[in-house]
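Below you'll find only one chain, the form predicted alone, shown as structure tokens.
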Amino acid sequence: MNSALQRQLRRSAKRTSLYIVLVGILFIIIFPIFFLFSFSFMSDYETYSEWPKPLVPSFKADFKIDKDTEGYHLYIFNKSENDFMPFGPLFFSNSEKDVSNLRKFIKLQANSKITDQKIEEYLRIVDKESKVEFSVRKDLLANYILFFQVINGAARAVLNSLMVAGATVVIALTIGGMGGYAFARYFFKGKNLLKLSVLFVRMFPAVSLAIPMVIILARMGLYDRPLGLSLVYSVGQISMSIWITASVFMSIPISLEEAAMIFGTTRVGAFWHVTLPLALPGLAACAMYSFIGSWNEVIAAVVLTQFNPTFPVVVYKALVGSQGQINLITAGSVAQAVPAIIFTLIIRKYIIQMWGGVKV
């Protein structure tokens, strides 16, 4: 009885330890991502003036304006202090310039689209009652919009990245798929050595390959162009595609192709109508790896682009050259992740099938 109880306790302890480890791993992965998203929605005041930092961004900003002989005084509610704190210049005079600055302060710190007419209404109340408190609903996408407005070439860089990633996927799937099919279906001398050698290129750092590629692409007239960059990205993605598709094609019985040819179709027809549909999950996995790898690549893109950078390069340069404005940089980082997430969601059906899912 005691031994049975001890075994049960040991199993419970092992299960509890496993759950603790899994929760710890999830926490390590999710916590930074959570803060990345959270900071991307925060205003400048929340990012730099409040301490401790809020875990989630607020949906509104509370202000107070009072007036004395010097002029208008602006206060913003600080959650950590649980009180209104002075913000901005010591006072705003009645001049049109100072009133305009007051409007800008309110809009900027609230990340809001509050109209000038509404602010003028609050100022009229202050003129009568010497004090007014009001709340402004925040525009949660303000940092994302501002990032594309203030970072030069950000919108164009998104288009460049999409072209580079799309071309990389096409090249990697076409060449890698044919290479994987050849390794899976044909037997020749040195096959295993050749299959292993295609991975050698992935053993070298991206920057070491990018530097000599500058000269080659310049001679080809493809330097600082999306097609040239996609060719460089495809070198590493092709080798990964070959290994993935070779395993996928090997799992598909060759007897299915032979049966199709018995019924009158050609080898190409058997591949197109029988093998290719069965291999779609593996090809989808290759497409996902190729897209994400080329979309997020920074080092090679910094070397191989000058006037037509990709979006990761724009975010990287904005981060390196930024003086503050962490909320804008995090907004750009989240915006960079969105296309990869969307692409993965589009092909999730085939990914789930590859991992044995039935319902998709």
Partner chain sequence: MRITKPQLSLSRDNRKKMVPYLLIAPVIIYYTIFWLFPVLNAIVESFRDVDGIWTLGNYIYIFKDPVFYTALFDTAFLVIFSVTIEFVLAFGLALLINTKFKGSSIFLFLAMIPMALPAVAVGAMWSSGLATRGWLNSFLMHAGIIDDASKILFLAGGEMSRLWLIIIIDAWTVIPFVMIILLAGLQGIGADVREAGYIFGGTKFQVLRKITIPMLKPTITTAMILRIISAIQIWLIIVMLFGFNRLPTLLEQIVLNYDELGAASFERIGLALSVIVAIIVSATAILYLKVSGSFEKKKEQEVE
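The term rigid core refers to the most C-alpha atoms you can superpose between the two forms while keeping them within 1.5 Å. Numbering follows the first chain given and starts at 1. In this text the structure is predicted, and so the values were computed from the model without any measurement.
Separately, the form predicted in complex with the partner chain exists; it is not shown, and the next lines address it.
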*Taking the partner as it appears in the model of the complex, which of 151-159, 108-116, 203-211, 133-141 has residues with heavy atoms within 4.5 Å of the partner chain?*
203-211
*Single option in 259, 85, 199, 218 placed near the partner chain in the model of the complex, where near means a heavy atom within 4.5 Å*: 199
_Heavy atom within 4.5 Å of the partner chain in the model of the complex - residue from 78, 265, 101, 239_ = 239
*asked:* If we define contact as a non-hydrogen atom of the residue within 4.5 angstroms of the partner, is residue 54 a contact of the partner chain in the model of the complex?
replied: yes
*Taking heavy atoms only, is residue 312 within 4.5 angstroms of the partner chain in the model of the complex?*
yes
*Would residue 330 count as a contact of the partner chain in the model of the complex, using a 4.5 angstroms cut-off between non-hydrogen atoms?*
yes
*asked:* Taking the partner chain as it sits in the model of the complex, is residue 345 near enough to touch it, meaning that at least one heavy atom pair lies within 4.5 angstroms?
replied: yes
_in the model of the complex, does each of 145, 170 and 274 have a heavy atom within 4.5 Å of the partner chain?_
no
*Quick one: which residues from 28-52 get a non-hydrogen atom within 4.5 Å of the partner chain in the model of the complex?*
28, 29, 30, 31, 32, 33, 35, 36, 39, 51, 52
*Does the distance between the two CA positions of residue 344 reach 2 Å or more between the shown form and the other one, the core being superposed?*
yes
